[in-house]
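Just one chain is shown here, as structure tokens, and it is the form predicted alone.
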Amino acid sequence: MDLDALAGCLSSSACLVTQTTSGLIIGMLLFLVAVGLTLIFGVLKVVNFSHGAFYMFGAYFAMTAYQLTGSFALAMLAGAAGTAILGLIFERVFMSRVYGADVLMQLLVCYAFVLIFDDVVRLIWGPEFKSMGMPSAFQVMPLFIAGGVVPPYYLLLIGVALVAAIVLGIGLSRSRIGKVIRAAAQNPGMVSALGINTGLIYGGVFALGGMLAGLAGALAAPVRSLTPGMGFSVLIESFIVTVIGGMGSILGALIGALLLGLIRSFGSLGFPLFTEGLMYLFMVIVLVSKPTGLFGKEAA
């Protein structure tokens, strides 16, 4: 425990800006993964334990596309689109067969594919660590804000995640398809009775969740090492985010992710040997005070 370092950082504008920016990028990446997880749970009532694999595939798809084209925009598109297609195939071929089954059965199917997907990555890209590297457009001088160092790429990452959050929020609340998705989450039987193909909705939601996780992986590729199994740690933290924010709540996923990112960033200064523990401690405190999470709703 090093409270002096934490206090010193809080009293320094330069350190405050640097650590806050680090916390925001951690939080935004977690949000993109967690919001897909909570969206799938909210509509399909499935805890997708294999969700971290889509984050991993998004990073590898982006790296491969960048190596082939040299365009980071195409790399992001490849990461998002590739995992959306993968998510749709995975849902239609496998997950659709365990809807309504015992939760343990669903978890076993998902965990089996976690192992399968990790081995697929090893077969295609190899078992060693990979590095995409920072795109040339962002290999420039960092920005200095109140004395703090902010790499330009961090601003892109935060901006893309914020745009995704806004588009997702508006789309689900105001568009016709968003209303259908919310109706399917509340009463799928009624939606089906109205002649709407619920299977198409489920597949679309799963593809959207996979796309968001893949986008997170693509955004993380320039600043993270790529390795088989890299999605597992992100998955665990995403579960913490959804529990803190409330299962099924998009706003809760955003707030929970940002809080967790800031806890990790500042906690690494004051509690360098207990940073992981701080996250779980915060989750326990939230659940004790509000068992449904910050924005979760009581079951009817």
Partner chain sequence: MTELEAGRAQGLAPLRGGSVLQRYRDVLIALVAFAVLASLPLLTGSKALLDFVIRCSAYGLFATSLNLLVGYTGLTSFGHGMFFGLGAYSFGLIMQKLGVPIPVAFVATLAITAVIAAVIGAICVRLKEIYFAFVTLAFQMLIHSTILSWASFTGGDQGLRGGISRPVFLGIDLANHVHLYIASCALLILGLLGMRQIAQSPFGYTLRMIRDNAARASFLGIDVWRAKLTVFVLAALFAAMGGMVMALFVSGAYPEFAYWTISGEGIFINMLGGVSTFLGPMVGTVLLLLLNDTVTRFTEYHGIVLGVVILFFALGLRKGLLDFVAEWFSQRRDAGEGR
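Positions refer to the first chain, counted from 1. Bear in mind that the values here come from a model prediction, so they are computed numbers and not experimental data.
One more form of this protein exists, namely the form predicted together with the partner chain; it is left out here, but the text below deals with it.
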{"property": "is_contact(G133, the partner chain) in the predicted complex, heavy atom dist at most 4.5 Å", "result": "no"}
{"property": "V98, heavy atom within 4.5 angstroms of the partner chain in the predicted complex", "result": "yes"}
{"property": "Contact flag, K179 vs the partner chain in the predicted complex, heavy atom cut 4.5 Å", "result": "no"}
{"property": "Contact test in the predicted complex: L273 vs the partner chain, heavy atoms, 4.5 Å", "result": "yes"}
{"property": "Candidate stretches 51-59, 235-243, 23-31, 258-266, one within 4.5 Å of the partner chain in the predicted complex by heavy atom", "result": "235-243"}
{"property": "Single option in V149, M105, A193, I170 placed near the partner chain in the predicted complex, where near means a heavy atom within 4.5 Å", "result": "M105"}
{"property": "Contact test, all of M247, V288 and P291, partner the partner chain in the predicted complex, heavy atom 4.5 Å", "result": "yes"}
{"property": "In the predicted complex: members of 114-132 within 4.5 Å of the partner chain, any heavy atom", "result": "L115, I116, D119, V120, R122, L123"}
